[in-house]
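What follows is a single chain, given as structure tokens, in the form predicted alone.
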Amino acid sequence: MITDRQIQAFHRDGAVMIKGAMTDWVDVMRAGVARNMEHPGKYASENDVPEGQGRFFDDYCNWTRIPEYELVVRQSPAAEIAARSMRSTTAQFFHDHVLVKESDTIKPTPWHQDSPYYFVEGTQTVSMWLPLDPVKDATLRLLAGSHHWEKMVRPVSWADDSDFYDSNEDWSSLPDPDGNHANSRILEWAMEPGDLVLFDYRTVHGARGNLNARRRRALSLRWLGDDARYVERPGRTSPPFPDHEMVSGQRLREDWFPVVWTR
């Protein structure tokens, strides 16, 4: 499912693409996304796309109410792939995230890191990005090596680029990967349903708008490894998980975030 060479690439670059590892689960994931869009959760967003410029729907934290998502989390190879990529003895599930860009959607997914938005830190974290339609121009884009940066990138609201937290924390400014090619190595792959990208929570990533005639559906599964721990942030995180009652340095509570796979 994942080779030693792919694991090495993941740790070196912060991201790697694997062909066909989830092909047998594509129909299940598509059914889950359809159910999710028909019955959005409390965190669902349309991402403020101007009228006439397409639709960018996203939603997260639905796996306990969307049976297809739970089936994928608990029974597919995803957990084992995640654990092996992190070189972790366990794979603990953090949350699901669905992102759907309808045809002719201009709005891009801005460059960002996931880690600053989360209340978790560690060197063993991985996001699994699973396209459910063929992608080329609207594929995921990642900045190689950015998971090793000393400072995390300033988290902002996707709607208006305002600061996500009201704080004076010393964040790094986001460079212009497209404009400064000398200092940027952008990873992006044409992909088919069943392929997946693994990337570290700290890896800078984004995606263009979807200017194709076909919609672009993607499901992302977020995993934690052995050294991931709860950390306080200067405000409400995304996802927020209210009333979690965890304290800094604690491993995330397993009744909310189950350990799905153990070596």
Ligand SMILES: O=C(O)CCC(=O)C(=O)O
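Keep in mind that this is a model prediction, so the values were computed, not measured. Note that residue numbering begins at 1 and tracks the sequence as displayed.
Keep in mind that the form predicted in complex with the named molecule is missing from the display, and what follows is about it.
Peer 1: Just to be sure I understand the contacts: of 187, 132, 99, 79, which is the one whose heavy atoms reach within 4.5 angstroms of the named molecule in the predicted bound form?
Peer 2: Exactly one listed residue reaches within 4.5 Å, namely 99.
Peer 1: Exactly one of 149, 171, 117, 158 has a non-hydrogen atom within 4.5 Å of the named molecule in the predicted bound form; which residue is it?
Peer 2: Contact residue from the list: 158.
Peer 1: When the contact criterion is heavy atoms within 4.5 Å, does residue 140 count as touching the named molecule in the predicted bound form?
Peer 2: Because a heavy atom of residue 140 falls inside 4.5 Å of the named molecule in the predicted bound form, the answer is yes.
Peer 1: May I ask you to check whether residue 112 falls inside a 4.5 Å heavy atom distance of the named molecule in the predicted bound form?
Peer 2: Answer yes; at least one heavy atom of residue 112 falls within 4.5 Å of the named molecule in the predicted bound form.
Peer 1: Is residue 202 part of the interface with the named molecule in the predicted bound form - any heavy atom within 4.5 Å?
Peer 2: Residue 202 lies outside the contact set for the named molecule.
Peer 1: Wondering, does residue 237 line up within 4.5 Å of the named molecule in the predicted bound form on heavy atoms?
Peer 2: Judged by the heavy-atom cut-off of 4.5 Å, residue 237 is well away from the named molecule in the predicted bound form.
Peer 1: With the partner removed from view, which of 43-51, 217-225, 66-74, 27-35 is the stretch that lies within 4.5 Å of the named molecule in the predicted bound form, judged by heavy atom distances?
Peer 2: Stretch 217-225 is the one.
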